[in-house]
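Okay, so here's just one chain, in structure tokens, the form predicted alone.
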Amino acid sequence: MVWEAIARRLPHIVLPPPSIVLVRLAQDLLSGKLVVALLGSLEALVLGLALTIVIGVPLGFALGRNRTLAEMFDPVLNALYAIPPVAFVPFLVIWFGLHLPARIALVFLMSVFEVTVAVSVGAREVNPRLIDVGRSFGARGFELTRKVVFPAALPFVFAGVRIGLVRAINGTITAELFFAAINLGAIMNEDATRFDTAGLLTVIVLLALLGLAAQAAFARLEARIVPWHLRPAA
């Protein structure tokens, strides 16, 4: 393994080998240290991502299906999207303080734009023939959206949520490092002050595993809900 080979030639304070990191990961999981911290971090992650879905998906559909709204708000959305979410940290501190509400707000800001943009593109790109067929069967308004537009745009919804999930994980750790140090962010701060790079990499590996597990779960859910969209591997 390349990482192992390179790390063996360097001081462990610079880059510990994966064998040491994995042993440390197992120890911290068995002791409950990482489990308790991860569960605490998941609170802001889940609440922030849920808020993103509740707001981002309907907003994306509104922008994708209504040309007037798109012309009004697309420039604003693009301008906000270009601003690094961490630039809002001082405002979040003033508005929400340093604890859970501020962490949820940062997770939301770091994930909502991806979801909104992906859903708006999906809603905008629905095949007009599908809409014509729905109308020919008498579907109008909300019924047309529910039975035709939403199912057709579901692949984009899943793509947006999967991207938003990754951004939400980033936002969770960013919030715990920028605001009151707590949960996984507190562990990383403590390890950094001790120059414990193995401990830092343990948290990073745990986050990578969390992201992989969540992505796999979403992929399985997507395969169940929109099987017509997925193509078999060549």
Partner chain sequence: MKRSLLPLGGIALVLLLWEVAGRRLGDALLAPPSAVIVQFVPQLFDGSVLPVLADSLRQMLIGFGLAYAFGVPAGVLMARSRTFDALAHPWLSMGIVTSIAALVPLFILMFGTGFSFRVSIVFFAAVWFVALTVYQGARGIDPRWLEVGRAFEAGPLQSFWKIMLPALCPYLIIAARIGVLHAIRAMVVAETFVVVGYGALIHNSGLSVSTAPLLGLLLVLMALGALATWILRRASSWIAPWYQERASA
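Numbering follows the first chain given and starts at 1. Since the structure is predicted, the reported quantities are computational estimates derived from the model, not experimental observations.
One more form of this protein, predicted in complex with its partner chain, exists but is not displayed; see below.
Although the partner is absent from this view, D28 stays clear of its partner chain in the predicted bound form, with no non-hydrogen atom inside 4.5 angstroms. The shortest heavy atom separation between A192 and its partner chain in the predicted bound form is within 4.5 Å. Taking the partner from the other structure, its partner chain in the predicted bound form has no heavy atom within 4.5 Å of any heavy atom of V54. Under a 4.5 angstroms non-hydrogen atom cutoff, its partner chain in the predicted bound form lacks S19 among its neighbouring residues. Only one segment in the set 42-50, 169-177, 29-37, 56-64 has residues whose heavy atoms sit within 4.5 Å of its partner chain in the predicted bound form; it is 169-177. In sequence order, R67, T68, E71, M72, F73, P75, V76, A79 are the residues of 56-79 having a heavy atom within 4.5 Å of its partner chain in the predicted bound form; the partner itself is omitted from this view.
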